[in-house]
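Coming up is one lone chain in structure tokens, specifically the form predicted alone.
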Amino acid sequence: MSDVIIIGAGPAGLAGAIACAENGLRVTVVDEFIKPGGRLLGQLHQEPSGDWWNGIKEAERLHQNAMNLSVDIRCGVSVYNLEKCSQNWNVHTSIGTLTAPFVLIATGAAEYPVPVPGWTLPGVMSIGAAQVMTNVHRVQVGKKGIIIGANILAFAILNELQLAGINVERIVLPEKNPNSQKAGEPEEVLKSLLHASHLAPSPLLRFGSKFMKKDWIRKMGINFYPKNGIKINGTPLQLRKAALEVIGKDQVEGVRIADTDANGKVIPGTEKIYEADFVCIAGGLYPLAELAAVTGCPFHYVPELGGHVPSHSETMETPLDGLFVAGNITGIESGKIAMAQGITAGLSIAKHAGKGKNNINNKLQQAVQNIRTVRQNAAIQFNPDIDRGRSKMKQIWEDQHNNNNQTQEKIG
């Protein structure tokens, strides 16, 4: 029997496993994919320092460290239920029920689907799927593509596709409707992209970002936005064009696109078909938290964190005894943040298990501070108001903790 079962072998899960094992805990990690690493396996980008972040190498490093510490990693294993029984958690999986007093859920994130007519054609995929096919499976997704949806994730993966020699002709927005929501509104998209200006996607965004953060200047910027777009590493970002339909008989052959006004409304008579043999839809990410919901863990809707997230402390505890969370399940951030949270969760579990001797509290405090430091230095922030979201969750946790203490005092 293990002391800890970790669900998810991505950056948070592997880092958490290492921290637990270093403190003398027996750890089992399960993941439904065929190999450990999670989203790290698809990541490849250059840091502001000039160094390259190679997710595959990082995953290999974490995997090797975990193996050296005798962590039991089981891939190709799905988890479908979690329940507390006496002092232990029963984790029901495709290979049977695993039992342990502590569970760390590190299930990561999933992509928002943005329905576009014709999106069931072969050759249409999410932007994340294009990343995995390119960087993990080494499969060329196509020769000439269009990305529908402009966000930080799309920019990061666009660069990776370009590095692989794949031509992305243009980035356009989805048609403005209830399904696309803010993703179809040019001003809202521009507002979100200004927070990525330090990545220098274009001279105009880089130079104009500090001015366009003012509402009236941003509105003017959208009204006078170039019809042919602003180039992102050679690919036009066309905020005033919307994808109406992906067309093709047996596979993607093109996208029907129209010009829009500053509010995202389609201008009649401007429709044109642009050729393409693949289409990537970039809808953004949300926390993949169903397993935490199954346990009965309380949730809170915090849009700055990407949606509904399980209640948790800065040390990655949940209100349920023995249940911890780490990584994108707690809010959408980078792989480096996920690793920092995984280490924190592992130390927190060790503390609850009575391990780590006298210095465990200091290590835990340092780990929490390290999360903040990594966040401050993050090159990419998926949600620009992440600090506000983290503050909200911290306040929710403290209020919940205080209410529980008051209730116990009344009962006593």
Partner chain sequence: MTNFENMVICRCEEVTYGQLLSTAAEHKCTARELKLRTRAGMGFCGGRTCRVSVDKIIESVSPDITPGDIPLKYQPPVRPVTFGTVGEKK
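Please read all numbers here as calculations on a predicted model, not as lab measurements. Numbering follows the first chain given and starts at 1.
The following text describes the form predicted in complex with the partner chain, which does not appear among the structures shown.
Shown alone, this chain has one stretch from 257-265, 73-81, 164-172, 329-337 that lies within 4.5 Å of the partner chain in the model of the complex by heavy atoms: 73-81.
A heavy atom within 4.5 Å of the partner chain in the model of the complex is found for exactly one of Lys144, His308, Lys191, Lys231: His308. With the partner omitted here, the residue from Asn223, Asn177, Thr99, Thr270 that has a non-hydrogen atom within 4.5 angstroms of the partner chain in the model of the complex is Asn177. Within 4.5 Å of the partner chain in the model of the complex, a heavy atom is found for none of Glu58, Glu317 and Trp397. With a 4.5 Å cutoff on heavy atoms, Asp385 does not count as touching the partner chain in the model of the complex; it lies far away.
At the 4.5 Å threshold, heavy atoms of Thr93 reach the partner chain in the model of the complex. Proximity of Val139 to the partner chain in the model of the complex: non-hydrogen atoms within 4.5 Å are absent; the residue sits far from the partner. Not displayed here, the partner chain is kept clear of Ala282 by more than 4.5 Å at the level of heavy atoms in the model of the complex. For the stretch 112-142, the set of residues having any non-hydrogen atom within 4.5 angstroms of the partner chain in the model of the complex comprises Tyr112, Pro113, Pro115, Val116, Pro117, Trp119, Thr120, in sequence order.
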